[in-house]
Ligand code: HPA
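This document opens with one chain alone, in structure tokens, the form predicted alone.
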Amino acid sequence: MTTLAIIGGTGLSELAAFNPTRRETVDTPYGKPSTDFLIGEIQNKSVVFLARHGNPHAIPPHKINYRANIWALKHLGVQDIIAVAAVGGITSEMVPAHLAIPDQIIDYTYSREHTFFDGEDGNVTHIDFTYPYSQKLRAALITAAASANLQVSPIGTYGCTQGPRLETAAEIARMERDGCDLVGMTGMPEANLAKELGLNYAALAVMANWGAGKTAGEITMAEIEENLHHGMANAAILLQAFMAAY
């Protein structure tokens, strides 16, 4: 039974160390997932890989069918999820190409299908979301980073915005006042949906750029792509070290 899934975000549509053996198409009660699921091995251990934005990369953050993706992973026997995401840095430690393993999240999104417990079954269900990320998986990622001699931030608050546009300088300033260390567009409702289905979920965030207003001038896609080239390479090294001990 497969227990681990890696969700790849912008800049990580495939894994060099991943040896896929089959492709699975999953029908869900919530519609179609982003793409087919690749099932194979890393370090001789079974892994499910999902390209969050589809393959090719074509689905914007606010259009991703998060419910279908998470339901399908549960259906495939997944218990642990490592979600890789390209994000912007807000606080001083979150420099471009840096890696972070956040421990908290603030949700600024709207109008997304964000729960399996929509009340249509006549029941009202609440989950505890005090700690949105799995402490076990976070600790394993932090240990893997140390074993691979990679610098990571072992804590941080992820602010999740709606997208697909980047934020204004005033929005980033507000988010920093709120306590956010980094900003992305896909962390929610992915994290809480995993929690609702009893799955262990942790994020591996790769800084693609400074948040708006943190540097002079505008943010360019060339800048983002260059930072992701280096940051995702280190993320892949970290994931291999994680799998070696998984």
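Throughout, we count residues from 1 along the sequence that is shown. This is a predicted model, so every value here is computed, not measured.
Not on display, but discussed next: the form predicted in complex with the ligand.
Although the partner is absent from the chain shown here, none of 104, 134 and 139 has a heavy atom within 4.5 Å of the ligand in the predicted complex. Proximity to the ligand in the predicted complex, taken as a non-hydrogen atom within 4.5 angstroms, holds for one residue of 51, 185, 202, 180, which is 185. None of 145, 72, 86, 82 but one reaches within 4.5 angstroms of the ligand in the predicted complex through a heavy atom, and that residue is 86. With the ligand omitted here, the record of contacts in the predicted complex names 202 to 210 of 202 to 210, 187 to 195, 41 to 49, 23 to 31, defined by a heavy atom within 4.5 Å. A residue is said to contact a partner when one of its heavy atoms sits within 4.5 Å of a partner heavy atom; residue 166 meets this definition for the ligand in the predicted complex.
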